[in-house]
Structure formats: C-alpha cells, structure tokens
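This document opens with one chain alone, in structure tokens, the form predicted alone.
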C-alpha cells in the first residue's frame, strides 16, 4: 500500500547532518504502525516528507510509493489530487489544525466536495455519519459547532474523520495525543481502533499509546531507524539497547532505566552508531562504523550485536 524506501531529508546541501537518514518502511494494506522516538528524532519530518509538505529548503531523497506511484516525483498539482483522496495527513496539536472560522461539519465535508463532487448539504450529512463512526455523540449538533466549542479530544476525532472522509486508504497521524489528558488519549486510541481497512502510520512519543494503536512498532533515534518489529515481539523482546532503555523507563516496569530521551547534538554526526556513547554494550566497532539495519527473523534492528 505505502512503501517508503531509503528516504533521507536535509535542510541544507552543505550540511552533513540530516533530519532523516535512510529510513525504509513498508506498510501493508490495513495495517497500523506506530513510529516512536524522542523529540527531534525525525519522526514528524518523515511524515511531512512523505506528503511533500516540507519547505522548499528541504532536500528529500529516496522514494515513497503509494500503490506504485512515487509521490516524491509528482508535481504539486498532481499531489493536490491525491492528498485527502488517497492519502491523508492529520497534524499534531489536539485538533488545533482545524480552521477556527469554519463549522466542524463543513471542514469534515470539504474533502468530499473537493474530491467527490458532493454538494455542501450532502457533505455535511456525510460528516454526521463520519462522526458517528467515532462515537462523538450528538453528532447533528457538533457538525454545526465551531472548533473552539469542542474539547481537544473531540477536535482530534473530527480531524481523523476529516482524514478518512473522501475514502483515503492511508492515514498519516502526527502526535495525535499531544496536549491531551489520559481520558482523551484513550478516546483517540479508540478512534484508530475503529478504522477498518485503512492503513495507519502514527507518530508518537507515548509508548503506551503506541502499544494500543500499533500492530507494528518502529523506533527512531537521532534521525535513524533503530528497530522495527511486530508489537508483541517489540514489547516482549526488544533488541536494540535504546528500545530496552525506553521500555525500562516506563513506570509500570519499575522505572529501571534513567536514560534521557534526547540524544546529544553531536550524535547526529558520528561515523559509527549514534547511540554508542550511551550504550552499555558498545565495542570498538560501534564507534568506527555505522551499523547496518539487520533482519533477525523478521525483527529488524540497527546494532552490531546482531551482525554475523
């Protein structure tokens, strides 16, 4: 469905440091993948690169195939016919991406008007049905409301409804729980669980939220992808030392790790493993050479411990 291959992003041709470096992800139809990592790891930049929504100063390499079409090779005019139709992006911020001057029903229905030729009346009627899918309650009332009249969790549900309104089969969600309390986070998780048939790639720094929405987990650190696995394998047997440290730092696991999530600034430019200065298992090779992304029985990891 969506095949991200060797995608890298730089914001200056003179810089050797990239915001995203050589990330590959293949999302099969109907699967849900959570992309986790600390702020600055490149997660959100990757989503924006996939949609070609980065500023003109960004240099993107690699390929992003949506059902065989390379999005990175398309013109802006061609992308406008695809965004919101075949692939949708849900920005972060608790639904703050909504237009404060437009009623909720009109915003949800806008993709139907643009891509399916619906009348305004028909689009708003469909908005009610979309909100019912996510169990907002009093849907006929809320479609006539403005964004400020809804809670953060309700606005986020409206954003998700907007994302799938025109039938997009691929949903990219960027930190959908940012700024929400625990009850509203659970509500957003339920929304994603209601998706049936859509392919989801969700960026989050909330490990518990990732566990609730993702069938697959991918980990990024200092612009690189360090691990990719099925959810069960990741949480039961994480392979990368960074992944183990993240899980050990969770309260329900006893706060056994006190590792900070943000890498030092110079980690982005080291020639070896970017986690080596913080890794209890490092050896000489870790400082000298970048580790490959190794397949360990379907569980992928970037670590010299698993190389032959």
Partner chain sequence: MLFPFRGFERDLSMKRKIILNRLLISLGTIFLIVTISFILVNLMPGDPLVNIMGDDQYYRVKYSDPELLEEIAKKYGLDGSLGERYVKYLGNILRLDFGFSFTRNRSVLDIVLYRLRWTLVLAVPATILSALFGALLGIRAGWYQNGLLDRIMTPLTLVLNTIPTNCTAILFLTLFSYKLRLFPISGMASGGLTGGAYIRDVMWHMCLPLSVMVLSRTCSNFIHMKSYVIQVKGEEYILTAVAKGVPKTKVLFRHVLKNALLPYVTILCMQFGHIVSGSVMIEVVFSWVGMGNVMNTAISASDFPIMQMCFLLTAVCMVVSSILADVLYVLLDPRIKEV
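Numbering follows the first chain given and starts at 1. Every value quoted in this text rests on a predicted model; they were computed, and no experiment measured them.
If you look for the form predicted together with the partner chain, you will not find it shown, but the lines that follow are about it.
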Would residue 235 show up as a contact with the partner chain in the predicted bound form if we use heavy atoms at 4.5 Å? no
Give a yes/no on whether residue 99 approaches the partner chain to within 4.5 Å in the predicted bound form, heavy atoms considered. yes
Report whether the minimum heavy atom distance between residue 152 and the partner chain in the predicted bound form is within 4.5 Å. no
Can you check whether residue 195 is within 4.5 Å of the partner chain in the predicted bound form, heavy atom basis? no
Would all three of 103, 106 and 110 be in contact with the partner chain in the predicted bound form, where contact means some heavy atom lies within 4.5 Å? yes
Considering non-hydrogen atoms and a 4.5 Å limit, which listed residue (270, 58, 53, 249) is close to the partner chain in the predicted bound form? 53
Since exactly one of 75, 141, 119, 182 fits, which has a heavy atom within 4.5 Å of the partner chain in the predicted bound form? 141
Only one of 121-129, 77-85, 195-203, 223-231 sits within 4.5 Å of the partner chain in the predicted bound form by heavy atom distance, namely 77-85
